[in-house]
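In the form predicted alone, a lone chain appears below as structure tokens.
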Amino acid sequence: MKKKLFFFISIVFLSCETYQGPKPTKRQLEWQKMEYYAFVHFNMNTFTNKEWGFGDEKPSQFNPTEFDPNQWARICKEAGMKGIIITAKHHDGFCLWPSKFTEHSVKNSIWKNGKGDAIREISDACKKYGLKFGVYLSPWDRNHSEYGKESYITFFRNQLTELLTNYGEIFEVWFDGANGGSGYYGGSNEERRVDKRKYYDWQNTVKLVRELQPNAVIFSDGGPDIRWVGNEKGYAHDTSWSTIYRDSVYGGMPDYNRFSKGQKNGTHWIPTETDVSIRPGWYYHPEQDNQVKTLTKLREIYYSSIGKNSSLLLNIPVDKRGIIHENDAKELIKLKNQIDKDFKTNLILNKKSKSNQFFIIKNNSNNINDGDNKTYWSPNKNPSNWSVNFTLDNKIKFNTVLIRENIPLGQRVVSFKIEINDKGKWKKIKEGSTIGNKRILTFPHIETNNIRLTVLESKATPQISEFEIYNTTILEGEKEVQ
């Protein structure tokens, strides 16, 4: 007789009151669905072999010989990415579009005899390949003579208006936290510091973005829509709250990591974005052609960002030709293939379940493994416990669990643990603090007939949209215990 496999998912509630905390906006939910998209650092620094230009570069230095944004978009699409954010203007002030408000732009380059518009071509390529398009505009400009003065803010907003009105739908506007310091500044060659809290008058700049691109999310160290994860290594925090006190962080904050994990009782929904480059540098440097991150490292980053309630903004330094280097493209496609393989088969998808509690149809326990993120399980109020049993014919072998909360109604779970039943006794194999949009947990391969998920603490009645089980491959360089 075949053995039956029973999965017990037991949820204990310490706090089941009606949840009144912050919830995501429609634009934030649409952004959260993307999960994985490209950062492309391509600008003047590509041709000067620098990371940060001083602002004294000559426009004539910008001259890609094989500029092909269609190649970028094709590779990003094949790699499973959902969009591209381009460095339209970095700290050196050089603009990839023919801005009316500065001479430091492509209109004075030898590329296409000054008639080119890189932003136009990148935007068009994204449309062609079904990708979303975003722009990075540095608030710092080491070229502009008025930086540090009130008049510069008008200049900055004029350039922002050009980007948000001339290139179609924008999904994300990216503002760097690095600002103020030494620079060319129109020939002054001096250091200029600004009050990072007050100088930019962010309130009115945000208002401008909302008017011109109402569906775009705005990134900065402190939001207002999404915030920096606190490092550039590709790792979100084990404890990762989408909620934060709005005024607790700001761009360029020296002790930013004090709050980068978010805050359990935060007043605003501002989830994290994890940015990291596929190479050591953000811009292309030929000496780094053999330092592209390997599949093993990229998968670790994927699990440690998207798998920890964040999104992954993976940077690709386009080279001097104006195309994605072959070495980068190779590893990007490897990652796509591996992730597809890892999450191809949910071992408990649509398996019939039994519950020891009464549920209304809308929120019944079968919703937790139906492969539909829009459905969810929500228990009765104040239960002593809750369990759902999955019955299979045989034991299964697995090493990965994926859990999702129903985030349209907020992030609630404070802590949880996963256990297996070993010879009649429950044995903890993993524990965590926070779930959010997606939590991926890995552990040594297990072959068992019982597994249990327990929510130890929740801000309100937990709402779990998915609980999935996978058997993934150990790659070269990885250890069985992760």
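When you see a residue number, it is the position in the sequence shown, counting from 1. Note that the structure is a prediction, hence the values are computed from the model and not measured.
Keep in mind the form predicted together with beta-L-fucopyranose is missing from the figure; the text below concerns it.
Asker: Taking 4.5 angstroms as the heavy atom distance cut-off, pick the stretch from 337 to 345, 83 to 91, 191 to 199, 369 to 377 that is near beta-L-fucopyranose in the predicted bound form.
Answerer: Going through the listed ranges, the match is 83 to 91.
Asker: Classify residue 275 as contacting or not contacting beta-L-fucopyranose in the predicted bound form by the rule of any non-hydrogen atom within 4.5 angstroms, answering yes or no.
Answerer: Although beta-L-fucopyranose is absent here, residue 275 would touch it in the predicted bound form, with heavy atoms inside 4.5 Å.
Asker: Using the partner position in the predicted bound form, report whether residue 52 sits within 4.5 Å of beta-L-fucopyranose, counting heavy atoms only.
Answerer: Contact with beta-L-fucopyranose, yes.
Asker: Check whether residue 232 has any heavy atom within 4.5 Å of a heavy atom of beta-L-fucopyranose in the predicted bound form, and answer yes or no.
Answerer: Within the cut-off, so yes.
Asker: Contact between residue 67 and beta-L-fucopyranose in the predicted bound form at 4.5 Å, heavy atoms?
Answerer: No - in the predicted bound form, heavy atoms of residue 67 and beta-L-fucopyranose never come within 4.5 Å of each other.
Asker: Of 78, 162, 176, 146, which one comes within 4.5 Å of beta-L-fucopyranose in the predicted bound form, counting heavy atoms only?
Answerer: Only one option qualifies, and that one is 176.
Asker: Name the residue from 303, 171, 111, 282 that puts a heavy atom within 4.5 Å of beta-L-fucopyranose in the predicted bound form.
Answerer: Checked against the cut-off, the match is 282.
Asker: Using a 4.5 Å cut-off on heavy atoms, which residues of 132 to 158 contact beta-L-fucopyranose in the predicted bound form?
Answerer: The one in contact is 136.
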